[in-house]
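Below sits a lone chain in structure tokens, taken as the form predicted on its own.
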Amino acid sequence: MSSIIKTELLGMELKSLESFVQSLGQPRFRANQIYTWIYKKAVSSFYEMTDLPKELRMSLESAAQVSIPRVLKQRVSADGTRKFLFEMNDKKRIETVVIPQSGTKDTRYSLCVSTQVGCPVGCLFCATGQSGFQRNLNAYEMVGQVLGSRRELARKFKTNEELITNIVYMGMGEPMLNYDAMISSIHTLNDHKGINIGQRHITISTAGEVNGIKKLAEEDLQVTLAISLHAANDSLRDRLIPLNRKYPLKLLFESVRYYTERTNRRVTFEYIMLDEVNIGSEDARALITSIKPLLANVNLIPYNEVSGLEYKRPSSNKIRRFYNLLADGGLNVSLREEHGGDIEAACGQLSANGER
């Protein structure tokens, strides 16, 4: 006996939701009520949508679903970072990280969203890349991470305030390899009638998927583009980031110039510092030569060690020396404030199996 296929309401635009409720014989304004329950209150149970008629709630229960993912596990860092292990409808699991923002009067959070189950890029220093690739996430599953995380924070802090104010597509997966779903999720997150996160509070991180960078330049979005660089010569980057063999640095920098010329928006180059690998004087000179002509800045990230991988974190003296080399060379450079390393929630530490 085949199971009934229900309509997924999460990720649905308001106009589409209006058409759906009308197909159930209900007036169009009911869609606004449902939209508010889903996106402003993170409610997934139709029986909790108390301003809807009982008959409509029963019809929705039979015909539709709101698939906010289920939290299987939560780990909390000493610095307030939270890592959620979410389970999708098909039992696939992902990790999502909620990071407290520094410099805010009241605690506000950035949310690190995953775009794939695992990652096909296979960067050698990254736990996600070593765990393999299973599938792309749907747009509603990305939005669901935001709503599920908001719901958990609301329960924890007993507040109706919107604590998550920034979104970074830097979790598991390569966002540009799931481009259409990612862009669709951004439009849902940005909708002022729902979650209402401003485009300037959204960052997309890529390992250098050139076609995606060029497509993003045409979107007329005010999001921030971050590029995981990690090496300024092709021989080293080929080894660290296999995607570089398809899109070597020449093509990558050409796409960045195209993006900045089209958008007039500054790009951030993320650079993970690996001890005895990419933080020598020659690495600094190559980085200065490559980045200085671009509308870009460099964000240095001390490596977060992953069990079973050979790469090590540099000493604080080496980190400072490399930083000074870049700053003295005229680069706009920053050192990322670290969060969540004690719970394997930092950059490069997320795992598809969620068991760590």
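Numbering starts at 1 and runs along the sequence shown. Since this is a predicted model, take the numbers as computed values, not measurements.
Only in words, not in the display: the form predicted in complex with a small molecule, which the text now covers.
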Q.
Given that the small molecule is not shown alongside this chain, does Glu95 nevertheless sit within 4.5 Å of it in the predicted complex, heavy atom to heavy atom?
A. no
Q) Do Asp283 and the small molecule come within 4.5 Å of each other in the predicted complex, heavy atoms counted? A) no
(Q) When the contact criterion is heavy atoms within 4.5 Å, does Met170 count as touching the small molecule in the predicted complex? (A) yes
(Q) Taking the small molecule as it sits in the predicted complex, is Lys83 near enough to touch it, meaning that at least one heavy atom pair lies within 4.5 angstroms? (A) no
**Q.** Contacting member of Phe125, Tyr140, Tyr109, Phe253, with respect to the small molecule in the predicted complex [4.5 Å, heavy atom]
**A.** Phe125
Q. Which residue among Gln145, Ser228, Asn278, Asn244 has a heavy atom within 4.5 angstroms of the small molecule in the predicted complex?
A. Ser228
Q | Stretch in contact, per heavy atom within 4.5 angstroms of the small molecule in the predicted complex, of 48 to 56, 298 to 306, 322 to 330, 24 to 32 | A | 298 to 306
